[in-house]
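Presented as structure tokens, the chain that follows is alone, the form predicted alone.
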Amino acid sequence: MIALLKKKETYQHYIATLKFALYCITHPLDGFWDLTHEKRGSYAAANTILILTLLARVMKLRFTSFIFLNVYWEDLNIFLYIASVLFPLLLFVVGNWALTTLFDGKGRLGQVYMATCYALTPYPLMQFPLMIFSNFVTVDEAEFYSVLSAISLIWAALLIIAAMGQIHEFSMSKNLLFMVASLFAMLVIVFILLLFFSMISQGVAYFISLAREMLFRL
């Protein structure tokens, strides 16, 4: 009985934190402050929003009208397509957290991740209806689809900016500065990763050639 009550409470908390995403996207300043400082969010809800975002990206390829999107399935790697969303997201979260930590940013790594995922809410919220909408409009009405699709991206981007400002308790100008700096931090991380994997591959190639030389001499 106690276990069932705990499961029910956990489920109710999950639903409440998931619904709170709707408050965040309409009241970003208060919403993202309460998300972390008042613990109104949860990692489970953040992960759900991220999964819905990825699902919207993938389903968009299949269910969007060919008028707006032509997909060449034989050239598409679905795992790379999903990674094209996850990898930049991970780079931004790590880059923003690492940079702001050096300059009195208050947000922790988990909070940056949670707020970023919550800020993505407008994308799946708008893209799922747009998939249906795209199949009922003509070429002459294509601008409506394009504008609404662009709004979902711009809205999410603005929410990410607002979220980072509230989490790190930065002023608007300082927050914008660090958002730009976070983009450079992402590039630096990519460069370091490429350098690291290049060194690893060269090291592996060296030991393979050394083993071949030893086997040849034996």
Partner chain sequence: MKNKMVKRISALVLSAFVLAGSPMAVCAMERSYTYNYDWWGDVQDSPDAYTVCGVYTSSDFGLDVNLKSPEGLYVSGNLVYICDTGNNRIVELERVSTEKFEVKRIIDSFKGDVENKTFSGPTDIAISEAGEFFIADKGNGRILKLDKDLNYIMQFDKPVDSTLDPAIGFLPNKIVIDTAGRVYCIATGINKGLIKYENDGVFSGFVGATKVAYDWMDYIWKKFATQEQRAQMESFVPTEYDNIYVDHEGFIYACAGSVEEDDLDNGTVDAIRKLNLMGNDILVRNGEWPVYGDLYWGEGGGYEGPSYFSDVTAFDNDIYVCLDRNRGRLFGYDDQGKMVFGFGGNGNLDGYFRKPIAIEHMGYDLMVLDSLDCSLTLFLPTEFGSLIYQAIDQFDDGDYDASGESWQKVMDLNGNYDLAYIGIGRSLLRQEKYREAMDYFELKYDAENYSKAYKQYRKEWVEEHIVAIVIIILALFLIPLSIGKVKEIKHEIDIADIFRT
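Residue numbers count along the first chain shown, from 1. None of these values were measured; they are calculated from a predicted model.
The following text describes the form predicted together with the partner chain, which does not appear among the structures shown.
*Asks:* Of 178, 68, 155, 33, which residue is found within 4.5 angstroms of the partner chain in the predicted complex when only non-hydrogen atoms are counted?
*Replies:* Checked against the cut-off, the match is 68.
*Asks:* Tell me, out of 174, 27, 37, 57, which residue has a non-hydrogen atom within 4.5 angstroms of the partner chain in the predicted complex.
*Replies:* The residue from 174, 27, 37, 57 that makes the contact is 57.
*Asks:* Is residue 76 a contact residue for the partner chain in the predicted complex, using a 4.5 Å heavy atom cut-off?
*Replies:* Contact with the partner chain, yes.
*Asks:* Even though the partner chain is not shown here, does residue 84 get within 4.5 Å of it in the predicted complex, heavy atoms only?
*Replies:* Yes, residue 84 sits close enough to the partner chain in the predicted complex that at least one of its heavy atoms falls within 4.5 Å.
*Asks:* Tell me, yes or no, whether residue 135 is in contact with the partner chain in the predicted complex, where a contact means a heavy atom of each within 4.5 Å.
*Replies:* Yes, residue 135 lies within 4.5 Å of the partner chain in the predicted complex.
*Asks:* Quick one: does residue 104 come within 4.5 Å of the partner chain in the predicted complex, counting heavy atoms only?
*Replies:* Residue 104: no, not in contact with the partner chain in the predicted complex.
*Asks:* Determine which one of 59-67, 186-194, 165-173, 41-49 lies within 4.5 Å of the partner chain in the predicted complex, judging by heavy atom distances; exactly one does.
*Replies:* Of the options, only 59-67 has residues within 4.5 Å of the partner.
*Asks:* So which residues in 143-178, when you check the partner chain in the predicted complex, have a heavy atom no farther than 4.5 Å from it?
*Replies:* Read in sequence order, the lone residue that approaches the partner chain (within 4.5 Å, in the predicted complex) is 143.
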